[in-house]
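Next comes just one chain, in structure tokens: the form predicted on its own.
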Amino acid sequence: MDLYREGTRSISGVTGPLLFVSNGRKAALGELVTIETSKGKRTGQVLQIDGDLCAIQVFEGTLGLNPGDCTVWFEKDVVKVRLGQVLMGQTLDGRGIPRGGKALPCFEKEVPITGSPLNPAMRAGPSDFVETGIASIDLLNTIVRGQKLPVFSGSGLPANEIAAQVVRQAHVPGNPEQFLVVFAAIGITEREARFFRDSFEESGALFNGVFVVNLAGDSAVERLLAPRTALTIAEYFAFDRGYDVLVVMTDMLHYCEALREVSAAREEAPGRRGFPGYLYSDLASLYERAGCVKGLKGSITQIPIVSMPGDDMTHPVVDLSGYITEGQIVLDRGLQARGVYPPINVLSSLSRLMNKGIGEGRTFAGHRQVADQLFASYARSREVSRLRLIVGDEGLTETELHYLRFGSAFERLFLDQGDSALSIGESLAAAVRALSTLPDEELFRIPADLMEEIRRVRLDR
């Protein structure tokens, strides 16, 4: 290996997480480097080449580096992750190295983490329902195998708790043995890491998934690698091993802020709110690695979690994530204040592929009609609640009072399920109980067989 290495001591400067080398003509974009100093070694990756000036992102950070005491060796290799069945139950850092210092006992192959979006011509159409155990997602914003559906969360809302719940409960009905979760924690605190670890150990999910953890104290450069490492592992299990893989990534805002930090160190022209102008294409290079491939059994489904600073849906990271993906799940501060968990605002949420994975033979006959009725009725109840503030109960009609009662029942009986897992049948039963508070003439979207069930529930109350 040493025969092919190129070394230089021509260090022209250090800025943020970047080291600049002025004699890097033989370097290649993305190439690994080793930085030798009198105090030890660090590793990095070639980020940019401009003539003979080479920008290197240092994985361990540049704090304490003295340019006069550095020798940079170009390794003629790129960042790779080791893949194999042995990864099951492993907790890795952002570069795919097991946390705790123990090397993988064996592996099948090493591949670059860069990856690429799936070829549109090779994509298979989505058709299978992914059950999360959360009624407001499964019944109203159904996730389909191969979909990418982000969760948008304001500060202080329980996005981490919902992420952990999805990891514990999610599966593809009829194929639970070939279902795997790859969890990528990006820029989280030690406290959050302990929460996830304890939650996954308690449920047993820790031993049936792969976990990539990048802590807030780790380098920003490694933060850029963590989701790519997770997706490379997911591609191995999905397309080599035939698993249906669910990739949960939290928090994509931290990833984008690390991208902004590196962009600023490169002195690139900033875009909206200081984020680089290529933020859209960079996010797309991650999100578009989800999907199903023709002729292959496995699939990759993504649930990226994105924090909304100031609950701002127009924030660039939130806005662009919504453009690239197939819908969104939005957490609501008002529901949380009313004690509803999970506080999912179903009226602001959307799954654009929902119709591909529901109906007879997948979930249940009449799923679309029930979902439409719940959406319409809950929207009407929210309108009546606002009207009530103006005219009081005395100014409302009998029908409007029914909708007020439905809104309360819908939040109490359907949305507020706690951390328990509900099957699609149990979610439907909760919806039927809520709908039974409305008179028959308002349930014009409900199929006849379900109307009979609603009337029986109404009589039993």
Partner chain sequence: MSNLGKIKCLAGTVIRADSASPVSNFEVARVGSERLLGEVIRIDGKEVDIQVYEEIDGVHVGEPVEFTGEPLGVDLGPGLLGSVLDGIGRPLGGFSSEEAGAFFLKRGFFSRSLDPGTRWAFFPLKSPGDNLSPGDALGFVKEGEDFKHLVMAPLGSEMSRVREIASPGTLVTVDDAVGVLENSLAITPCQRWHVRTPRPCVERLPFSEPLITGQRVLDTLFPVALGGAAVIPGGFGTGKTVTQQSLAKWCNAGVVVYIGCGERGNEMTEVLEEFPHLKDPHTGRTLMERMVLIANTSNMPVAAREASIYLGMSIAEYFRDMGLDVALMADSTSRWAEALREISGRLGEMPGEEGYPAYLGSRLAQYYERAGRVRVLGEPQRKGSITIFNAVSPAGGDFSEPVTQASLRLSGTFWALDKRLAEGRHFPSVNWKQSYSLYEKALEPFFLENLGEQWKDCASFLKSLLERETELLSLVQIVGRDALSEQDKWDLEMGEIVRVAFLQQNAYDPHDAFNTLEQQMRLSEILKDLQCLVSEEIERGVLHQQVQGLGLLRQVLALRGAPAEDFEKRSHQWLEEVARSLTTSEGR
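Take the two forms, find the largest set of C-alpha atoms that superpose within 1.5 Å, and that set is the rigid core. Residue numbers count along the first chain shown, from 1. Because the structure is predicted, anything quoted here is derived from the model rather than measured.
Just so you know, the form predicted together with its partner chain exists too; it's not on screen, but the next bit is about it.
Picking from 218 to 226, 279 to 287, 191 to 199, 166 to 174 the stretch near its partner chain in the predicted bound form, with a 4.5 Å limit on heavy atoms, gives 279 to 287. At least one heavy atom of Val391 is located within 4.5 Å of its partner chain in the predicted bound form. Among heavy atoms of Ile446, some come within 4.5 Å of its partner chain in the predicted bound form. Although the partner is absent here, Arg272 is a contact residue: one of its heavy atoms lies within 4.5 angstroms of its partner chain in the predicted bound form. Its partner chain is not shown here, and in the predicted bound form it never comes within 4.5 Å of any heavy atom of Lys80. Taking a 4.5 Å heavy atom cutoff to its partner chain in the predicted bound form, the contact residue among Thr91, Ser349, Thr363, Ser381 is Ser349. Contact with its partner chain in the predicted bound form, defined as a heavy atom within 4.5 Å, holds for exactly one of Gly395, Gly40, Gly425, Gly68, namely Gly395. In the predicted bound form, every residue of the candidate spot (Gly146, Phe239 and Glu441) has a heavy atom lying within 4.5 Å of its partner chain.
Scanning 286 to 310 for heavy atoms within 4.5 Å of its partner chain in the predicted bound form gives Glu288, Val293, Lys294, Leu296 in sequence order. Relative to the superposed core, Val14 undergoes a C-alpha shift smaller than 2 Å between this form and the one not shown. Once the rigid core is used as the reference frame, the Cα position of Leu387 differs between this form and the one not shown by 2 Å or more.
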